[in-house]
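Given next, in structure tokens, is a single chain: the form predicted on its own.
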């Protein structure tokens, strides 16, 4: 592999890895607050992609209840992405209300909430298939007016990038920047950090933990919906179950970066994206295996993940 091709693959990996990062952040935020993994996140990822597709005014296929139906208007892609993310965030709020809050109010074991989220994920995927069928969908004219590729090379060294990957990377970086600003420079973000550190003490200090948990599910859903749209933009929406594969990658990023660590989710997502991009073409069918093998190796030497904290159990 020559140097130009190597750098091109690294940049490609950063683009895809940035999507993995914002997807995994949805897992991370909920885990940091409740200490559980929300398996419904992968279904919301899928919903976000379909929401954006619908908001663009596109028609669905022939095998669902909504066959050959479309909204009477069509938004440009940037507004449709934002709208799809907001609708996915609203769905995250509904998931919290239906699957988490009733069990949390009863003091149920966290394992029951995990199982409840898994049940919601299965239900949502089946509802999606019932409504829109199992066909693959591509966003119509999402990047109309832009060239198919861009040369980002400098100093005479070519660095050809697909325009869609450049757009994905820019959107992902903007989302990550906005999230970091929210978490580190706003009262709501600092309150979320306080709840993540010790919800009981935060509640005693006057912080409305229920409201912040609801906000966390909204942000998580928004991130998942945006990630679903960006992946759908890159490889098309392959069907109601396409969120499951990326859900597994999101979990890998969550564990690799460190459970509950926001910077860890970013680093883990970028790392897995780069590793997958550097897999030789003749081994492309083993990208998942390579990524998870590296995950196992890292966890063998550092069980808490790359940026996770080591917890000391007091006896």
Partner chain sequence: MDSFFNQYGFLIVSMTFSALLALSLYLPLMAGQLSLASPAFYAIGGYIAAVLSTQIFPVESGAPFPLERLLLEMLIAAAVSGVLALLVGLPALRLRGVYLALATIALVEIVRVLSLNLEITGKAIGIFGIPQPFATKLDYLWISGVLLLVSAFFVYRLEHSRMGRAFAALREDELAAGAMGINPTTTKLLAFVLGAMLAGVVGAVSAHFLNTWNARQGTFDASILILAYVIIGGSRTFLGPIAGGLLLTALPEVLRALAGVPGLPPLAVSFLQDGRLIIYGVLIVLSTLFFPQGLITPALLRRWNRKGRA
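Positions refer to the first chain, counted from 1. Superpose the two forms; the largest set of C-alphas matching within 1.5 Å is the rigid core. As the structure is a prediction and not an experimental result, all values here were calculated from the model.
A second form of this protein, the form predicted in complex with the partner chain, is not displayed here; the remarks below concern that form.
Student: Please state whether every one of the three residues 65, 122 and 286 places a non-hydrogen atom within 4.5 angstroms of the partner chain in the predicted bound form.
Tutor: Spot residues vs the partner chain: full contact, yes.
Student: Okay, which stretch from 142-150, 71-79, 222-230, 110-118 lines the partner chain in the predicted bound form, with non-hydrogen atoms inside 4.5 Å?
Tutor: That would be stretch 110-118.
Student: Can you check whether residue 30 is within 4.5 Å of the partner chain in the predicted bound form, heavy atom basis?
Tutor: Looking in the predicted bound form, residue contacts with the partner chain do not include residue 30, since no heavy atom lies within 4.5 Å.
Student: Heavy atoms within 4.5 Å of the partner chain in the predicted bound form: does residue 245 have any?
Tutor: Because a heavy atom of residue 245 falls inside 4.5 Å of the partner chain in the predicted bound form, the answer is yes.
Student: Give a yes/no on whether residue 295 approaches the partner chain to within 4.5 Å in the predicted bound form, heavy atoms considered.
Tutor: Contact check for residue 295: yes, within 4.5 Å of the partner chain in the predicted bound form.
Student: How about residue 106: is it within 4.5 Å of the partner chain in the predicted bound form, going by heavy atoms?
Tutor: Answer yes; at least one heavy atom of residue 106 falls within 4.5 Å of the partner chain in the predicted bound form.
Student: Only one of 234, 238, 126, 163 comes within 4.5 Å of the partner chain in the predicted bound form by heavy atoms, so just point that one out.
Tutor: Of the listed residues, the single hit is 126.
Student: Check each of 279, 270, 251, 54 and return the one that places a heavy atom within 4.5 angstroms of the partner chain in the predicted bound form.
Tutor: Of the candidates 279, 270, 251, 54, 251 is the one lying within 4.5 Å of the partner chain in the predicted bound form.
Student: Considering only 249-267, what residues come within 4.5 Å of the partner chain in the predicted bound form, judged by heavy atoms?
Tutor: Heavy-atom contacts to the partner chain in the predicted bound form: 251, 255, 259.
Student: Residue 299: with the rigid core matched between this form and the one not shown, does its Cα shift 2 Å or more?
Tutor: Yes; residue 299 is a residue whose C-alpha shifts (by 2 Å or more) between this form and the one not shown when the cores are overlaid.
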